[in-house]
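The chain below stands alone and is given as structure tokens, in the form predicted alone.
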């Protein structure tokens, strides 16, 4: 394969016809490319993946004038720096972060006009943990099974983001004129985070004391949290080991292993699991769990 052909494959099909390119200067500790994932393939053992905070991801693309499923960066705990080969609008949502362009602080994020060749850098968030960055016109990385999402559990999707990674850009799109003061992201920012869930499918395996403990005691996100799930610490449930055949799982499932410390499944969860699921976090609240950092307090509230 020629060098020219290899470069074109790395950038995706857009780069073969257009010169606009995004280059990663610094990747940060855990940056990945995401779109809205590959739902509907669980029967083949393929997780859906996608952004951990879908609400902020969609908002970023809407601000940049992109379709909601346009690939973007999910930046965990900051550290990403990028540059563009041509001037574009860049939208930044999710966990609030300090933003600089060539070292100068930007005060009017979440929408920034980034000149060609300038370096936009994202610092560490002061609330939440996941920030989304998208470019008008969108990145066009290589897709796997129809999606550009990087799945941390299976390794499906684009290669991990690293310094020097390059992504072709689609044609720039008109940026909608919306009041930016209304374009805010919802992230945990001090105090207990209310998280609603529905019981089931295996809540009847748990005694009344365990069900009461789950909903009455405070739970904190442990250091064991990533895109797969968030393990909670607190007054452990007493159910212990349960002989249960593996069954399907979903984003938001609250699985209880023998330790009694619940695990809330996030974007890259496995498609099956053998521990009982006592409940499932509502679709409206699971994005909040995806933004929680170790030490954040969650209050699990059942919906009857």
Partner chain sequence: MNGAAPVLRRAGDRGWLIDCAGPRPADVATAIRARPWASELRDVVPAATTVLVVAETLAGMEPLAAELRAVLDEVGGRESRPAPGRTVVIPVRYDGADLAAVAERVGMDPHRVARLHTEGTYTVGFFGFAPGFAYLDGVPEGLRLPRLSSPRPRVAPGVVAIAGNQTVVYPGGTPGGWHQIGVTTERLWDVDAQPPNRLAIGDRVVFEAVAS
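Positions refer to the first chain, counted from 1. Just so we're clear, the structure is a prediction, and the values are computed from it rather than from any experiment.
The next section is about a form of this same protein that is not shown, the form predicted in complex with the partner chain.
With the partner omitted here, the residue from 198, 173, 166, 211 that has a non-hydrogen atom within 4.5 angstroms of the partner chain in the predicted complex is 198.
A heavy atom within 4.5 Å of the partner chain in the predicted complex is found for one listed residue only; from 118, 112, 183, 144, this is 144. Though the partner is left out of this view, residue 282 does reach within 4.5 Å of the partner chain in the predicted complex, counting heavy atoms only. Looking at residue 220, you'd find every heavy atom of it more than 4.5 angstroms from the partner chain in the predicted complex.
When the partner chain is considered in the predicted complex, residue 29 lies well away from it, no heavy atom lying within 4.5 Å. Taking the partner from the other structure, the partner chain in the predicted complex has a heavy atom within 4.5 Å of a heavy atom of residue 204.
The stretch from 122-130, 76-84, 153-161, 94-102 that comes within 4.5 Å of the partner chain in the predicted complex, counting heavy atoms only, is 153-161. Residues 245, 246, 247, 248, 249, 250 of 244-259 are found to place at least one heavy atom within 4.5 Å of the partner chain in the predicted complex.
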